[in-house]
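First, one chain by itself in structure tokens, the form predicted alone.
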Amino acid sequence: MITQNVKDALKEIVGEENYSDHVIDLVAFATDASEHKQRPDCAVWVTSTEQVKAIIKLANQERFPVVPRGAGTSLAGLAVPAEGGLVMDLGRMNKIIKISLDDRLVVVQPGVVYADLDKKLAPDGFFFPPDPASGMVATLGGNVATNAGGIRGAKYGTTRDYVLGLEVVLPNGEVLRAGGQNIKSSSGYDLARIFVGSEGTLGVITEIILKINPKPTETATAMATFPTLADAGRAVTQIMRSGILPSVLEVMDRLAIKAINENTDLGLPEVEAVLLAETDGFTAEEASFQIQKIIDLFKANNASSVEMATDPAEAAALWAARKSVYSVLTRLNNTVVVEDLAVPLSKVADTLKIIEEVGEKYGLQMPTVGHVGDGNLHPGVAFDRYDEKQRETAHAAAAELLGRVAGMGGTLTGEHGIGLAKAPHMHLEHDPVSMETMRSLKKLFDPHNILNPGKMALEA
């Protein structure tokens, strides 16, 4: 519980206008895009590294929790204040400090929205490749804290691959500058990478240096349907070892297709799987050559049909179904948990089958889409959160699914993070030595456990 004296001190640091303990704000900060909820005691909107330093020093002295927050788009409860305390909203630290095309980098504050950076870079023909689905609102600080990915991961990787340097306020209030503005460096421990994917448990990111890329000017798109999951899985494996790297390779399973058809007028063929592929390049010929190779592999793996877009309008039509999936799932019930599994590429078809089996066992519809080019699958579980039995069933199904995926060498999360949702399952993927090493690192950086406590099973 934060005392009134501490609240008064917070107001002194950020100003009355950047502090709130009004119920309407605390309710808003009690949750993110997940099903988890817990109200904080109060919230602040910080505008400078100096303010962050002062608040963290105060928290370390008074021993109250601080939960850094961006746009709150987390699907795993990362931004939920599990133990109350203070929510620190970094959304107003939203300056693009520097763009250097010559150095192929940008320097930004953590509250910069992904889409805003993309718009700023576009006129010069550059982009920041990791493209999370929530990119229209998600902040770059959150992208770094979760190692966010997206549909371009197979070719372009995730946020981790683009972080050159960070400014971080540590739990004792000191400011760490890790990394720098060099594209490559082998100087000492890579401290910046420790904070990528750390979910706000080790420090508060206040400045980010990101590598940027020239943006390909041409794309080509194709869609294929498959009579079996095995055929689609083999196609994915062969494409990813063919020498062609699609910029996007997505899957929709039978249940996802069925859900789309029941809730839209898109009229997709109800097959076992649909694969959508996109290639890119700097000439139309380059993109076309790559997509034709992918089409050949679709056909070699028993595709029932293959359709190639001949212009941007046709490409948009092909992508309409994939982009509609989440909105379709929200119509199935009042709560949708989107899982975030990732498996070796050779296990994609097996995993799709396991998801189907788990759904049938628990009597749940689990439509699945995913970024199969990097083995990342997103089964959606829709249930009534007001029905305790349904909640328990959905959580039991998720636990079994995670266990089976971890048992085949997969990971609990490809891009959403652990947060609260998957903290109970960390032992499925990480052995006792790994968990103890992570906990030791947390204790080293944050001995009083003030930063985002309750996440990632770090206190167990």
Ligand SMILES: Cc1cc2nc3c(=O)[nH]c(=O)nc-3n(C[C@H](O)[C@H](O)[C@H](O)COP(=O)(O)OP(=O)(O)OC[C@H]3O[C@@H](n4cnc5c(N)ncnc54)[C@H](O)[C@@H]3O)c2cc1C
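Sequential numbering from 1, following the sequence displayed. The model shown is predicted, which means the values in this text are computed figures rather than measured ones.
The form predicted in complex with the ligand is left out here; the points below concern that form.
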Inset, instruction - Establish, in the predicted bound form, whether Ala224, Ala273 and Thr351 all lie within 4.5 Å of the ligand, using non-hydrogen atoms for the distance. - result: no
Legend entry - Stretch in contact in the predicted bound form with the ligand, which is absent here, among 292-300, 192-200, 212-220, 343-351 (heavy atoms within 4.5 Å): 192-200
Legend entry - Exercise: Pro379 in contact with the ligand in the predicted bound form, heavy atom 4.5 Å: no
Inset, instruction - Report whether the minimum heavy atom distance between Tyr326 and the ligand in the predicted bound form is within 4.5 Å. - result: yes
Inset, instruction - Evaluate Lys422 for contact with the ligand in the predicted bound form, applying a 4.5 angstroms cut-off between non-hydrogen atoms, and reply yes or no. - result: no
Legend entry - is_contact(Ala33, the ligand) in the predicted bound form, heavy atom dist at most 4.5 Å: yes
Inset, instruction - Sort through Val372, Ala232, Ala277, Ala145 and report the residue having a heavy atom within 4.5 Å of the ligand in the predicted bound form. - result: Ala145
Legend entry - Sole residue of Pro171, Gly85, Pro132, Gly153 within 4.5 Å of the ligand in the predicted bound form, by heavy atom: Pro132
Legend entry - Residues within 4.5 Å of the ligand in the predicted bound form, restricted to 400-415 and counted by heavy atom: Glu415
